[in-house]
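The chain below stands alone, shown as structure tokens; this is the form predicted alone.
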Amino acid sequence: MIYDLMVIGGGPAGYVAAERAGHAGLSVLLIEKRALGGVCLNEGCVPSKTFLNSAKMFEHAKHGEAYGVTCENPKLDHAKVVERKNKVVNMLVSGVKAQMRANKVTVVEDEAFIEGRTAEGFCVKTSKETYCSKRLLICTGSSAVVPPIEGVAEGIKDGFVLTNREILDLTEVPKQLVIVGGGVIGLEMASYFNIAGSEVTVVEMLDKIAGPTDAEISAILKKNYEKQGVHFKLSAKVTKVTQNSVVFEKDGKTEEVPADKVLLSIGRRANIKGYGLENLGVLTDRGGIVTDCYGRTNVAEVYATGDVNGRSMLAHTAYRESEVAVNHILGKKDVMRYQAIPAVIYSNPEVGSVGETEATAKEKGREIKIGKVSMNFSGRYVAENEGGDGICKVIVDKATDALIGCHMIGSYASEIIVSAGIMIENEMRVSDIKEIVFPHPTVSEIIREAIFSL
């Protein structure tokens, strides 16, 4: 059989593409070597959120007095948290499998290798069979970066050094956890394990945490983490990992911090090797597959979506890129746009960001106006957050008076930020946003307050 579309990789990009294409009536083959749902569902987004929700509930139980709630001797049972995580993952993976069946997608659990292109189409070999398809969609995702630091390879081998995959299966909370990298994954795991009882130290090469997050938001997040007991070593370069410590250089001096476990969290790298891309001549650059606004590669009828193109390593970006690619295959008018993709750190407090930051806007030479208000302008936020210090910051282009960025830290930020993204996507002006009616009392009203502060 020659399929209409063959998808390599069953993560967010792959399974959404397969589902959409199958629903549209195309014959689809999906090849996944590990588990449907990819890193996001099995080793990243979803399992980490089960951890963080348990931690949040534990924190509420411990500090309920200010809200009139008393709970004696609350405990966080990490083994049960892991057990529930596995249950949630299994349920959602089963849901993806059901969606594949419902949309008549053929799923093959195996490794895939692209052999080339023949008159019949693209040929992809697995351990048992070779499959052919008219079109090919590469969704091979990404893997955690493992730096060539002394002791890291040995540490991974003996289980002392972990990536995002292994740390979510720890059955015991380490007494001392050192996290190398202060990005999203590192910060979320720092939040959970700190609350669960670890002494957490984050070692970050940059002079701020949370990567591209707005600097002011990043500073508030760091202050909150420090109040909770997390230690930070910024502008620090890790030089060595021993059997019980992490060694780093800071301000010209060598320092060492003890560790029972080390989490590597310094970024992710697109999976482009070992799949036979060279047999088609697929163009790569800066470690990712080069694609256009439709998800097309330089090879006709070959597409690449999700982390493998290196453009925006977020599951929701992968969803949308795959929808655009499938729509292009179907002849529907659609195009991928990246200016309003939200980013979230599911810490406590949460961080939500979309569009330009103050720094990126200025780097691009745009004249901007900044509106900034405390989250305490929201009645609901005050009612639910004792002593909260969150803010909401909006970035407006002076020339067009359109919203181009929004950044917030506080409760529900992960759920609220999409509304700002919609405003940016639709190039809404300040005058347009002022006419929107937000439900009251909600924390989402903070966007309206920030707009009116301009």
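All residue numbers refer to positions in the sequence shown, first residue = 1. Predicted, not measured: the structure shown is a model, and the values here were computed from it.
Same protein, other form: the form predicted in complex with a small molecule, not shown, and the subject of what follows.
- Heavy atoms within 4.5 Å of the small molecule in the predicted complex belong, among the stretches 363-371, 308-316, 251-259, 117-125, to residues of 308-316.
- Among residues of the shown chain, residue 267 is one whose heavy atoms approach the small molecule to within 4.5 Å in the predicted complex.
- When the small molecule is considered in the predicted complex, residue 354 lies well away from it, no heavy atom lying within 4.5 Å.
- Using a 4.5 angstroms limit between non-hydrogen atoms, residue 180 touches the small molecule in the predicted complex.
- With a 4.5 Å cutoff on heavy atoms, residue 186 counts as touching the small molecule in the predicted complex.
- This chain appears without its partner; in the predicted complex, the one residue of 206, 76, 132, 215 with a heavy atom within 4.5 Å of the small molecule is 206.
- Listed residues 81, 96, 149, 230 were compared with the small molecule in the predicted complex; 149 is the one with a heavy atom within 4.5 Å.
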